[in-house]
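The chain that follows stands alone, in the form predicted alone, written as structure tokens.
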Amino acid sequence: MSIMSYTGGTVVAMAGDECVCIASDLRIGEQMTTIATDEKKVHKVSDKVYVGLAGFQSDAKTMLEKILFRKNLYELRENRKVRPQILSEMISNLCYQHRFGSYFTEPLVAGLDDQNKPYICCMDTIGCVSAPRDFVAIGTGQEYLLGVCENFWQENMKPEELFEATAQSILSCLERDAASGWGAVVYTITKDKVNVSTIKSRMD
């Protein structure tokens, strides 16, 4: 088994009309053995910027600490909130600095910029950024998600439609990926607020 899939886990993000959804499962395991069913893989970095970390969870925790340190330093120096585009560049640089001994985690960034324009991106272990306009997915369920997301995603979806599309996509993935599951949590980021919803899935 690959070290990238050792602890399992899946994260997906979709962009809509002045809104973004990011969702992850709740399982953490040791190969096919489930260790916990309340693992947080999506983390708040700023008011409207979230980062998802999939892969080897020990490295994900280490990377999260480094991301928050760099984000705090940026906001102190610049005296402004970090935008998702800036955060993605910071994380990409962090990954590339460790390219000869990389962290075994794939970061995903989702959020709204100053004009409430959605931004989503994911990257590999050495920081190569992929920033499409529709959806991104990382983790062991990535191959199951992409086809489903293509079916559900439409342009200019409102928050309620985007939440439904994201929730159905992650649930469909969890039905097929044995390394992810035990429920999911969906963050719907709009210009006014962030809604957090926990949804049930198969528990086996």
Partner chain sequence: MAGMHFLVGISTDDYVILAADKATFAYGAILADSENDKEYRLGKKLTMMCIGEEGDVAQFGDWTKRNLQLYSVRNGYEVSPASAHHFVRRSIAHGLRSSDRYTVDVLIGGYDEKEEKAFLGSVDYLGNGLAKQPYLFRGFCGRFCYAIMDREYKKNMSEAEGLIMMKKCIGEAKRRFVANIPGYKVVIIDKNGYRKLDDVLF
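Residue numbers count along the first chain shown, from 1. Here the structure is a predicted model, which is why all the values come from computation and not from measurement.
As for the form predicted together with the partner chain, it is not shown, yet the points below apply to it.
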(request) Determine whether any heavy atom of residue 155 comes within 4.5 Å of a heavy atom of the partner chain in the predicted bound form, and answer yes or no. (result) no
(message) Even though the partner isn't displayed, in the predicted bound form is residue 56 close enough to the partner chain, meaning a heavy atom within 4.5 Å?
(response) yes
(request) Check whether residue 103 has any heavy atom within 4.5 Å of a heavy atom of the partner chain in the predicted bound form, and answer yes or no. (result) yes
(request) Using the partner position in the predicted bound form, report whether residue 46 sits within 4.5 Å of the partner chain, counting heavy atoms only. (result) no
(request) Flag this candidate site as yes only if 28, 33 and 38 all have a heavy atom within 4.5 Å of the partner chain in the predicted bound form; otherwise mark no. (result) yes
